[in-house]
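In structure tokens, the next block holds one chain alone, the form predicted on its own.
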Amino acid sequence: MIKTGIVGAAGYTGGELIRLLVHHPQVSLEWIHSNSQQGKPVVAVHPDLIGDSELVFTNQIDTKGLDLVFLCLPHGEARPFLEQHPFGQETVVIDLSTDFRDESEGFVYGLPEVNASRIKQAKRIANPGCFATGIQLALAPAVKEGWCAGPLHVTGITGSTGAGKKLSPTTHFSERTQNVSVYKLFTHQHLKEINQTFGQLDSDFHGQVFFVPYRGNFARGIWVTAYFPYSGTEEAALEAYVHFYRQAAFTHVTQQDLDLKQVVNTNKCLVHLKKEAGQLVIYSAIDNLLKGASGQAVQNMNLAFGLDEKLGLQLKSVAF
């Protein structure tokens, strides 16, 4: 059994990790950490876990005897946390913040569709961002083929859980419901890791990603639309995409029209493409808390420990 701890387990991504790991056949969840909720039973914070777990939140960090620790801390807090709580080199650390996505300090960027072989050997893994996952999986095959020489135009809309559990004006129900708004126009923090991966896929990639992020009036999920000029046929593009994802455990290219509910509550990314008006248009859809965060973290854990990539992640979408 993989002895595991979760730091920052009271938030959305920490809660999703608990839900996945309490039933994972190869994981022993040793402790769950929270400074704000210490001493409380897990069901006081995540009441859907009644009958599934009797864990209690602690504010103490035991760095010894762990095989794995997940860091679900706010951006900018993971690096100082590791400086204060150094884990042994044999303990796998999977960080869900932005702090190490530049692959500094020995971290490997944890996008399995691109870096699976490196993740299998890694002790430090930087889990990708949610928008970054949806955008990269929409465009990675096209970048690999060298089709993206010019500007890439991308829009993406995310559910309210993407903003985290802490309340803010843009996460209140009265603000979010029946409403859509733009934020961080062309400056979203995930662009850095996106460009890093695209440069890895194509060393000659110099295209600019013009990304327009939207806040959606739903709880979870991300929908991405990307397009760029394309002179080839739709059939050739489809063949390249299917080939690129031929070994991917959770990313599927489909010729059917998509909707967001097909991926909500799953670790899937669904990709659909078509050529129109000289443009190759690609749609991708993921659950921002699963494939965009905690589910992908468990996928990376499975790879790092030599397990079946899908173990503990055979989840079904909510159709209605």
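Keep in mind the model is a prediction, meaning the values are calculated, not measured. Position 1 is the first residue in the sequence shown; the rest follow in order.
What follows is about the form predicted together with a small molecule, which we do not show.
With the small molecule left out of view, the stretch that reaches within 4.5 Å of it through heavy atoms in the predicted complex is, among 155-163, 207-215, 113-121, 226-234, 155-163. Only one of 243, 75, 184, 192 comes within 4.5 Å of the small molecule in the predicted complex through a heavy atom, and that residue is 75.
Checked against the small molecule in the predicted complex, the residues 37, 265, 26, 53 give one hit for a heavy atom within 4.5 Å, which is 37. Contact annotation for residue 135: none of its heavy atoms lies within 4.5 Å of the small molecule in the predicted complex.
Using a 4.5 angstroms threshold between heavy atoms, residue 197 stays clear of the small molecule in the predicted complex. Contact annotation for residue 284: none of its heavy atoms lies within 4.5 Å of the small molecule in the predicted complex.
At least one heavy atom of residue 289 is located within 4.5 Å of the small molecule in the predicted complex. Although the partner is absent from the chain shown here, 8, 12 and 293 each have a heavy atom within 4.5 Å of the small molecule in the predicted complex.
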